[in-house]
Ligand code: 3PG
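Presented as structure tokens, the chain that follows is alone, the form predicted on its own.
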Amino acid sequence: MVRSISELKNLSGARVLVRLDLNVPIQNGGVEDPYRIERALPTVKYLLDHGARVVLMSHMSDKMGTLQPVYAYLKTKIHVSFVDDISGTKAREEAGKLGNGTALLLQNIRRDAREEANDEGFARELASLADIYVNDAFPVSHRAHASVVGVSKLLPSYAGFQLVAEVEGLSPALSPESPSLAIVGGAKLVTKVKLIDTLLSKYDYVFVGGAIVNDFYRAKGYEVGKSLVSGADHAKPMLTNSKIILPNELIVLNPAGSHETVATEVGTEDVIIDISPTAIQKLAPIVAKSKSILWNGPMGNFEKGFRSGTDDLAKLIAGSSAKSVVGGGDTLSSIQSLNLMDKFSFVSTAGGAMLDFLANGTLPGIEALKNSK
């Protein structure tokens, strides 16, 4: 395991550069959901309480988006200032003014194209702002970006509390207790092939939902209409595996705008939008007998409002006695809206990073911490 910031005791006056994931939804200029910010605060407060001078960095999905709304939220929680700069003169000046127990939030680091290119020069500019580096951004630790892996080559590096919690929370899912069930939803089967192969080698059952069902249906020779398909060729070899469970019924949207529940009779103009309540009922006995359940990804087109399959599945797993590990942005949204956060053994803040960790047992950001000086 990587070194944790809990090992850092004498921090008074130390300059600490912290990579967080503060990429939260912004609505009308304000933070709509502060969940990820709140999960980051224990690490930040620990450093501030120990007298460190803390420089915070994060990205936004919108590369030109601003972290100003995040700053407005953060300053209600901690002593923090904001600079509309990343690694330039302004950032260096403001970082130099920091007093013990105070923090500075940099602007969205993806505004600089060198971040995603893992540019060594950019990593050196960031590293020059501090003496110690802390990664507490598990959801982006599958990205070999400058702020994730580049800086750790240049500074003594440690894991924040949330990153440690993610590794400890997800690790049991790598060795599930039998009977075990893995549930994979979302889209883009081509990005999930390695994960599903790994799950098939470790879990007793693997239930497939979301848009990746379309790939499996297409591979079986069924009509999928106008539905999204990304990797039917990848699905075909998996069909012979008896561990794979597909939903027996789907909900489709027809050209007239009506919702219909169908088995395999998808019309040529229909779009598959969710799995049906019958599919959840079919899964219920397996959930009931499982001792370990892993779930990532929605069961339908969640972003377009087709969320009943996801919500029903959340309720089903929440009511089970299994050790349950769940994650993914839409999965998290469902659980939060249903007030079921405390009904699962572990809820990850990550989506893609969770999938990569489960497929590979580690992430570039984790390995960078292990290899830091």
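What you see is a predicted model, and the numbers here were worked out from it, not measured in a lab. The numbering used is simple: start at 1 and walk along the sequence shown.
Here the subject shifts to the form predicted together with the ligand, a form of this protein not shown in this document.
Of the candidates Ser345, Ser61, Thr66, Ser337, Ser61 is the one whose heavy atoms come within 4.5 Å of the ligand in the predicted bound form; the others do not. Residue-level contacts in the predicted bound form: of Arg143, Arg111, Lys282, Arg218, one residue has a heavy atom within 4.5 Å of the ligand, and it is Arg143. Interface residue remark: His50 is not counted as part of the site for the ligand in the predicted bound form, having no heavy atom within 4.5 Å.
Heavy atoms of Lys323 never reach within 4.5 Å of the ligand in the predicted bound form, leaving it off the interface. Interface residue remark: Arg39 is not counted as part of the site for the ligand in the predicted bound form, having no heavy atom within 4.5 Å.
Contact annotation for Asp21: at least one heavy atom lies within 4.5 Å of the ligand in the predicted bound form. With the ligand omitted here, the record of contacts in the predicted bound form names 132-140 of 71-79, 297-305, 132-140, 198-206, defined by a heavy atom within 4.5 Å.
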